[in-house]
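First, one chain by itself in structure tokens, the form predicted alone.
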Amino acid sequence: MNKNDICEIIIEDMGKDGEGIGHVDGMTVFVKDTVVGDRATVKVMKVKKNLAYARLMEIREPSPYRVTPICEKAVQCGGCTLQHISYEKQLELLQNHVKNCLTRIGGLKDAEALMEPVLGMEEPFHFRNKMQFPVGTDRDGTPQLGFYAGRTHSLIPLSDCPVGHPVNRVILQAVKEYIREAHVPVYDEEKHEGLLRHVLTRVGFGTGQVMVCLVVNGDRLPEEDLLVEKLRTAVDGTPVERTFEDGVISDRTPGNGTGKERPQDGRPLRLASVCMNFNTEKTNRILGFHSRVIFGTAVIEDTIGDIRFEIAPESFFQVNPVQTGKLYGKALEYAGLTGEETVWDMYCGIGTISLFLARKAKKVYGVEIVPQAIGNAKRNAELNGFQNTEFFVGKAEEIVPKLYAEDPDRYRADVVVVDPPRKGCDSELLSTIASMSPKRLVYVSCDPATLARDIAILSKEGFVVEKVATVDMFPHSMHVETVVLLNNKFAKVKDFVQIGIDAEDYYRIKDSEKDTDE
């Protein structure tokens, strides 16, 4: 196989980035924008030793799972890599991806038997409560907002996005009008010139509060009052219809098979915060480290279940509020709390999981590296009246071992919950968790590969996987959240050691029980 060869291929599987996988003359070939079951003509673009990458030329026989994307920019945009696949098939792909990682990387022989049915959405559109729109210009120099094309910084102009809250449509229009009327210079990332870089939006699905944050390469915006006026006119009390039909958003989501209203339908929206974030560095990082309020408050509020949270522009808060309730509910279920447990929530963010746990735990400790997030966590605990929580700033792999070494009785753990970043848990933290010997460990993960790697490490320390739940937090992509319950088979050993029976005696007792049972 050589570059520029034209081949016919049948797509047999899907990769972790949503690309189709097939074989030609024994060579594995990756093809973007294809679906399992497609028979297609492709052009080879790159050839390596054992695999190749090809571009789709023609669908000769479409897969039964292929659907027409609702968004006309879905192929160009780097966000929805699976929108051309039926939602039912998307869920199956996510479940298989998690299973394969647990089997191949985690070494689980019975992964499928441990997995509960995947938790998907009834309405897999307009679910995101946070959006970040880069600002640029089109070929004529006209300011535009949109998204970058996949793996590039080429701007795709958009007037709306089917996975974001529909209020973004009127916000984008208002910001474009403000840019034009106030003559706001748009940022040029190559020259590091211009003012307006990004527009970030947050929507409280449970409260109707809306935040708009403009990221600037400077320290001020021209005519700030004009910006606020346009945003308030656009957002406050505006009836926002729902989805795409002939270029207009309607009150139903076509193509998903349900037609039901979303939970936030009918709730009046209110512009609660307009702020400016300062980022004057030549960097791909979106947000800078400081912000200033232009209008309203520095935070908005949202709810998950009956718990209320304050959210700042920089706060980490799950972007899908409908599925977040399912995700945290599953974590709470797996924790198996009775009201007598001490729980550690490691990588706690603004305390979202911590507060869910605090409702049924005796004590919850949380740790997070971002100082502002811990400030939010403490405030959120106060906001909801929790007095059984305590939060620490720092790296989990440094704070937890230090505190546990100083006072193992106080900082012990009956249950540990971890929700690490994509890279997974630090090895020293895993070692500390093992030495604390909690009865249960609940691992919440946004990357099945690093989750599986850490499970393999924990299994050597006596932790056994009991249940696995897959939650589709990001419909139309291969990103997935997973919750795993691990029981500690050595936890009871420590209980026996405390009353004078060593580990060898414990296993001899258990062996005799087994013989009796048989």
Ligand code: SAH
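In case it trips you up, residue 1 is the first one in the sequence shown, and so on. Owing to the predicted nature of the structure, the values given are computational and were not obtained by experimental measurement.
Although not depicted, the form predicted together with the named molecule is the subject of the following passage.
According to a 4.5 angstroms non-hydrogen atom cut-off, is residue 170 in contact with the named molecule in the predicted bound form?
No, no contact at 4.5 Å.
Going by a heavy atom distance of 4.5 Å, is residue 316 a contact of the named molecule in the predicted bound form?
Residue-level check for residue 316: yes, a contact with the named molecule.
Would residue 302 sit within 4.5 Å of the named molecule in the predicted bound form, counting heavy atoms only?
Close contact is absent here: in the predicted bound form, residue 302 is far from the named molecule, nothing within 4.5 Å, heavy atoms only.
Against the named molecule in the predicted bound form, would residue 420 count as a contact residue? Criterion: heavy atoms within 4.5 Å.
Yes, residue 420 sits close enough to the named molecule in the predicted bound form that at least one of its heavy atoms falls within 4.5 Å.
Of 353, 364, 203, 102, which residue is found within 4.5 angstroms of the named molecule in the predicted bound form when only non-hydrogen atoms are counted?
In short, 353.
Considering 441, 343, 348, 212, which brings a non-hydrogen atom within 4.5 Å of the named molecule in the predicted bound form?
That would be 348.
Tell me the stretch among 155-163, 369-377, 78-86, 91-99 that has any heavy atom within 4.5 angstroms of the named molecule in the predicted bound form.
It is 369-377 that comes within 4.5 Å of the partner.
For the heavy atom contacts within 4.5 Å of the named molecule in the predicted bound form, list the residues of 383-398 involved, in sequence order.
Read in sequence order, the residues that approach the named molecule (within 4.5 Å, in the predicted bound form) are 394, 395, 396, 397.
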